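Given next, in structure tokens, is a single chain: the form predicted on its own.
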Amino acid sequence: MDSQSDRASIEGAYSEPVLRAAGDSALLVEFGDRLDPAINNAAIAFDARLREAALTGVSETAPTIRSVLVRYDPLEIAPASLRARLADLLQERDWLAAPAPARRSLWRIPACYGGEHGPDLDAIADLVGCSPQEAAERHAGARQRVFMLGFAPGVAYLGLLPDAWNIPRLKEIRSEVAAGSLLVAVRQTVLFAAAMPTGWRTIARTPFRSFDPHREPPVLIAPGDEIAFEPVASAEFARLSDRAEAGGDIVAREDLS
């Protein structure tokens, strides 16, 4: 992209990144106001640059769908000084023109749709406007990007699904869904690494654990990766669960770089 108009043409992108305070010890660098692969690439690329720069006083950075959280120690670096350093880094390039992250992976992950593992499949299918089998096939057939990890360790936000999947969340919060649940709403899929409450609809479950504190590395997938879900029957789900519990490999990884 060679001009301001090119940058502004990216849906939801700001003409210039926006710096906001996030409490008394963090800054948020925003590149846009919605889900967009180019905006997400900008956040991931800028996060990588921050890690490379290793700014004094910065204790942590975390890329999100459209921004980067920068946590810092105000006793080591003043907020104004950090803002100036971030502004310098932001001027280094057009971050909205950043390519997809290097060393990306495509993960093929087994998932069991419907039944006890996807109790909302029928309701999801009604909202999408197709049969439950078609909903499962369409979801599994959509290769989805990992936009961010957050909310809890290993929780992955994926998308974007087609417009028909712009379905609402549940009206009430469920007290708990199982680890490995695949949840859908607002054109996204969320992969839960552990059992926890949710207001999203459960379409399937995978025996894969995106976070395991006993594994190295604990989190396998990364922002910018892509995921393809491969439907399996209940019996195969149980077999793969046993294999995963024993430390066996149940997912396939392909290099996209």
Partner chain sequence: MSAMLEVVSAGPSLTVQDRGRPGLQRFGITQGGAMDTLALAEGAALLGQEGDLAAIEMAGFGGKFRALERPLRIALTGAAMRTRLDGQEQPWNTSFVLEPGVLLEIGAAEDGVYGYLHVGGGIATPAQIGSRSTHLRSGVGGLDGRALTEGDRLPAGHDPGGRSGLVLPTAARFGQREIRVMWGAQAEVFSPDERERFLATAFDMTTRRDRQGARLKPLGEPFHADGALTGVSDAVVLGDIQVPGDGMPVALLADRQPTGGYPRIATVISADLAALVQIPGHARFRFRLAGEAEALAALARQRRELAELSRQIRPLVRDPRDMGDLLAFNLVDGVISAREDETP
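Quick caveat: nothing in here was measured; it's all calculated off a predicted structure. Residue numbers count along the first chain shown, from 1.
Same protein, other form: the form predicted together with the partner chain, not shown, and the subject of what follows.
Contact between residue 138 and the partner chain in the predicted complex is not found at the 4.5 Å heavy atom cutoff.
Proximity of residue 125 to the partner chain in the predicted complex: non-hydrogen atoms within 4.5 Å are absent; the residue sits far from the partner. For the chain shown alone, residue 226 is not a contact residue for the partner chain in the predicted complex, no non-hydrogen atom being within 4.5 angstroms. Although the partner is absent here, residue 201 is not a contact residue: none of its heavy atoms lies within 4.5 angstroms of the partner chain in the predicted complex. Just one listed stretch, out of 150-158, 127-135, 89-97, 114-122, contacts the partner chain in the predicted complex at the 4.5 Å heavy atom level, and that stretch is 150-158. For a residue to qualify, one of its non-hydrogen atoms must sit within 4.5 Å of the partner chain in the predicted complex; all three of 34, 73 and 214 qualify. Contacts between stretch 47-63 and the partner chain, counted in the predicted complex as any heavy atom lying within 4.5 Å, involve 47, 51, 60, 61, 62, 63, listed in sequence order.
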